[in-house]
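Next comes just one chain, in structure tokens: the form predicted on its own.
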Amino acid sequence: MTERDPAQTPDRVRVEHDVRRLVREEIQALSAYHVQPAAGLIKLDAMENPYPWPAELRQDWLTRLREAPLHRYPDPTAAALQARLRADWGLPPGVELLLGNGSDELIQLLVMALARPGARVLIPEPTFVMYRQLAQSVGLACEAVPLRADFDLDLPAMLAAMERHRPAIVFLAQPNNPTGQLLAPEVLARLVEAAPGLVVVDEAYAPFADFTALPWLAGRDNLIVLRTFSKLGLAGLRLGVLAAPAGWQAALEKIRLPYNVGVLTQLTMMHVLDHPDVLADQAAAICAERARLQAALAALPGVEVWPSQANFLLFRVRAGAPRVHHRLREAGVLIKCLHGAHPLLADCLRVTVGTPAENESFLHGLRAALAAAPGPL
């Protein structure tokens, strides 16, 4: 007699039946975003800033938090924080801000707002997976144009796809994740001019790049710029910022959940903005380490690495990405294996730029993994 799976109780079977019956088919077809367990490992898989705050900055922050009115709802629009960001970024007149629980929430608001029947999203691929995930979750079709073999944008193909699909939204990560490449300003301008709908430029990695589209917002009504503080050193805070010409913010406010940016986040960000040199110096240190790490990877036999304007590097290994990823993990280093995520990413891995010591541990583990004889995983 076959032993019954204890998980398959009558109640569980009924629930699974109801899920299949009631949940939209496009949701059932999606896969949940997977985060790799990292306990006990050198974590170089998620594009985080590896440097903690200085002790004096942390102490002043704790003093500030002691006065946080946690018994009250937060300022619903974070008006003081918005005003500070406008001033610090030098935003042109007529540009409005909307704050979110990370830029993911802001992307979700955009696709929700533009999800008309038959509307489409257009992306180059490979790129940030949440553009497709969130578009499909609200019923938007997502069209993709493959990047070139060198991971540069195929401009003629993108323009042709715009003409064919007439997308409501074009998402462009600038620099792109997972490739780290930055679109030339003239290419970006051509895409914005040709777009029949909205162009969203996602500048998650702007602190490590040589370009921002924020000044362009004054003269382009169909352009929105996203920013996040997650890559700059506040990944645990979850704050995203949407900057857009007047009118877009009012429309998105209608579907933004109230009080989506909490008291602690608002207070912490005001504290951080009082000390801009701390995170700026850390970003500069990461860029310096990025150059050193890229040179070290380029010198390894069997490794191809691409230049990056983000805080990570994409590289390909002849030894097989899954095997190298597994051996690095056994050596105590966690990076991202992209093999299988897209045909262009065959045998590709992505490593976040860490501290000098973390990067040396990664390079040591990578050299050992490349030198090891092939064998079963």
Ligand SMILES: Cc1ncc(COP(=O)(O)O)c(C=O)c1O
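Everything quoted here is computed from the prediction, not taken from an experiment. Just count from 1 along the sequence shown to find any residue number.
What comes next is about the form predicted in complex with the named molecule, which is not displayed.
- Taking Asn260, Thr228, Gln282, Thr268 one by one, only a single residue has any non-hydrogen atom within 4.5 Å of the named molecule in the predicted bound form, and it is Thr228.
- Checking Pro245, Pro146, Gly102, Pro92 against the named molecule in the predicted bound form, a heavy atom within 4.5 Å turns up for just one residue: Gly102.
- Using a 4.5 angstroms limit between non-hydrogen atoms, Leu293 is distant from the named molecule in the predicted bound form.
- The named molecule in the predicted bound form comes within 4.5 Å of a heavy atom belonging to Tyr205.
- The named molecule is not drawn, but in the predicted bound form it has a heavy atom within 4.5 Å of Phe128.
- Within 4.5 Å of any heavy atom of the named molecule in the predicted bound form lies no heavy atom of Gln249.
- For the candidate spot formed by Met47, Ala173 and Arg238, every residue has a non-hydrogen atom within 4.5 angstroms of the named molecule in the predicted bound form.
- Judged by heavy atoms within 4.5 Å of the named molecule in the predicted bound form, the contact stretch among the candidates 161-169, 185-193, 209-217, 128-136 is 128-136.
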